[in-house]
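In the form predicted on its own, a lone chain appears below as structure tokens.
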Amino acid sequence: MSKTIIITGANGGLGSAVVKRFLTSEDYHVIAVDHSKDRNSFAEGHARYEFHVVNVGDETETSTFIDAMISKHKKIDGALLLVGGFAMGNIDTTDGQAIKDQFHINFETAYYTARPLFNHMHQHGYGRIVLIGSKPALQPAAGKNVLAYAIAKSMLFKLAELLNESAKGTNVVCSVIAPSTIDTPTNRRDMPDADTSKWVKGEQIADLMEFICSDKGDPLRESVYKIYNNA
């Protein structure tokens, strides 16, 4: 029986790679979510794919959507929460609004989706929630010039710790993947002089996510994955 997986940020550079990876296996039914219409043309007409436009930055809209998906599918087995945003800025240039903006795009979008899904998974005794952290959130040297971004991403690690503590004794696990720079079209455009051979490919992150959600990942608990390549 296939597992039902929700993927937010499904239209993004990472999201598209993750959707494609999960659709290559008959083990998953993919519920793709983004704030704009579906751009994953490769998935058009796929029997195990559905797409929904949802603003996951709105708590009420997100909760209503999750309730509808639980009602439709009865059980959600995994959630890959990929929505996020990046901003430069050190302590001199980062004001309160910059902190709030990064908190909203990187933390609130994940929390509004994770909260109802965690409660649902806890009731069923099984589930996988995967959050996207970052290297700057773990290394001060990498984070000092992306201050608001690093602070917001660091909160995802704490959220995972708290959810895993709440889920002890069950097979519900919240994992965090902490990549360095991800090789996406947007990052290539914004950093044209960078050595992209040192970056992490979206397909590599997608493979890791599939492992986490697969039966092979069943024994994993409280996992943080640093996937840096040579960056």
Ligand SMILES: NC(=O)c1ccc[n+]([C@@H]2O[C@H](COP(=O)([O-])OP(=O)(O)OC[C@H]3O[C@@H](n4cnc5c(N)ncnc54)[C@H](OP(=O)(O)O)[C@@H]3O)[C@@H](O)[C@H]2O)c1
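Computed from a prediction, not measured in an experiment: that's the story for all the values here. Start at 1 and count along the sequence shown; that's the residue number.
Only in words, not in the display: the form predicted in complex with this ligand, which the text now covers.
Residues within 4.5 angstroms of this ligand in the predicted bound form, judged by any non-hydrogen atom, belong to 181-189 and to none of the other stretches in 181-189, 22-30, 63-71, 167-175. None of 54, 206, 43, 163 but one reaches within 4.5 angstroms of this ligand in the predicted bound form through a heavy atom, and that residue is 54. Among heavy atoms of residue 153, some come within 4.5 Å of this ligand in the predicted bound form. Contact annotation: residue 127 falls outside 4.5 Å of this ligand in the predicted bound form, judged by heavy atom distances. Although the partner is absent from this view, residue 198 stays clear of this ligand in the predicted bound form, with no non-hydrogen atom inside 4.5 angstroms. In the predicted bound form, this ligand sits within 4.5 Å of a heavy atom of residue 12. For the three marked residues, 34, 109 and 132, a heavy atom of each sits within 4.5 Å of this ligand in the predicted bound form. Of the residues in 62-88, those that come within 4.5 Å of this ligand in the predicted bound form through at least one heavy atom are, in sequence order, 82, 83, 84, 85.
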